[in-house]
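Shown here is one chain on its own, the form predicted alone, set out as structure tokens.
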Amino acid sequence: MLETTSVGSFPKPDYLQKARTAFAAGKLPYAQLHELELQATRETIRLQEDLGIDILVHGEMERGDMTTYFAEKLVGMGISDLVRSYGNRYYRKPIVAGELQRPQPMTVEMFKYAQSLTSRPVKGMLTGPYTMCDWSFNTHYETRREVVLAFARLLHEEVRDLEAAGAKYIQIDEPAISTRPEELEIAIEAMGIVTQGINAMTISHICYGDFKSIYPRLLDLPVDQLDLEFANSGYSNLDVFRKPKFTKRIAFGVLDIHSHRIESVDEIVAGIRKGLEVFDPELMWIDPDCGLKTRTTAESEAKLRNMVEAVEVVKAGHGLK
């Protein structure tokens, strides 16, 4: 009840940023880069344990962008030049240029390594089929639906392998799902393929979209938990979920990851209590609005520390354990 977690990414330490730059320039062998990725993963797991977070993430230290990382590992994909994402952030947009194939698991080894570092559960993490399509160019398949379903079949294999490796929680991120309400049915169909026959608890993170346009149909997305942002909107989007009643598990975002400001414990407590007016406490986790990679390590630690303390305050005040 009111378990704490994070969405996925953590800020990369300076030594890893410099190593990634050197590797891209051909000045550092991959083996040395990978050792530093493992070091940063150990630090991320230790930080979350020290803060008292319940369900951990590995921090995505081996990933640059949430779609490009997968595009580089799939057959049938290429990478474009830099494309603007938002603000002054850019990424290399994937290109679907042939029949998609998955030669080997893409996330399992890092999941197994992160889980070996802690007795607490670590989430398996991957980007969902709709977002992979929406954030890629397509020069091969006839329709967007064909692209989404091709990704879905490959990602089902990845989810199945994560479950076989011991993942009890598997998060399939779909931040693009609320940007095209007219394609929600495709996203639902695709997620049904990804999660079919999976017994692990499945989660989908969705953020910064028009929830009003996709609710309550969003409840039919075939995952166990939806992970949504609320702090960035000042909790105004809570009203969307008051009627009809929200029937899934929810991870409730209480930290604005687009702000350098450290939310106070009292502020987070107030946010959680607003959430409890709408969601059942036994179905509710508490986390940041989105991944923390845009914040500094110090900011991330301070935000998460206050989040964990705020959850304890709320539990004590409501007699929750």
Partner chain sequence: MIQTTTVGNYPKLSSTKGDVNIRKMLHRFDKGEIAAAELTAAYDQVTARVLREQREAGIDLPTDGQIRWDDLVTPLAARLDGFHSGGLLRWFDNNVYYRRPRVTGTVRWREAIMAADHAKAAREFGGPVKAVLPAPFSFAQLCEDQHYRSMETLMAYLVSVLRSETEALIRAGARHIQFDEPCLPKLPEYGVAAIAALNQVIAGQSAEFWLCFYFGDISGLVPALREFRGQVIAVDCVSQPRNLDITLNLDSAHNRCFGIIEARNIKLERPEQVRAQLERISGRHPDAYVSPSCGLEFLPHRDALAKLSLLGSAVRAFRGGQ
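Please read these numbers as outputs of a predicted model, since none were measured by experiment. Numbering follows the first chain given and starts at 1.
One more form of this protein exists, namely the form predicted in complex with the partner chain; it is left out here, but the text below deals with it.
Which of these residues, Leu226, Cys207, Leu154, Leu126, gets a heavy atom within 4.5 Å of the partner chain in the predicted complex? If I apply the 4.5 Å criterion carefully, the residue I get is Cys207.
Residue among Gly197, Pro244, Pro103, Gly87 with a heavy atom within 4.5 Å of the partner chain in the predicted complex: That would be Gly87.
So which of 74-82, 185-193, 113-121, 160-168 is the stretch with heavy atoms within 4.5 Å of the partner chain in the predicted complex? Every other range fails; the passing one is 74-82.
Does Ser213 make contact with the partner chain in the predicted complex, using a 4.5 Å heavy atom cut-off? Although the partner chain is absent here, Ser213 would stay clear of it in the predicted complex, with no heavy atoms inside 4.5 Å.
Even though the partner isn't displayed, in the predicted complex is His258 close enough to the partner chain, meaning a heavy atom within 4.5 Å? Contact check for His258: yes, within 4.5 Å of the partner chain in the predicted complex.
Counting only non-hydrogen atoms and a 4.5 angstroms cut-off, does Leu219 reach the partner chain in the predicted complex? Although the partner chain is absent here, Leu219 would stay clear of it in the predicted complex, with no heavy atoms inside 4.5 Å.
Considering non-hydrogen atoms and a 4.5 Å limit, does the partner chain approach Asn232 in the predicted complex? Because a heavy atom of Asn232 falls inside 4.5 Å of the partner chain in the predicted complex, the answer is yes.
I have Pro13, Ala19 and Tyr69 flagged as a candidate spot, so tell me whether each of them has a non-hydrogen atom within 4.5 Å of the partner chain in the predicted complex. Answer is no for this spot.
Heavy atom within 4.5 Å of the partner chain in the predicted complex: which residues of 139-177 qualify? Those in contact are Thr139, Pro175, Ala176.
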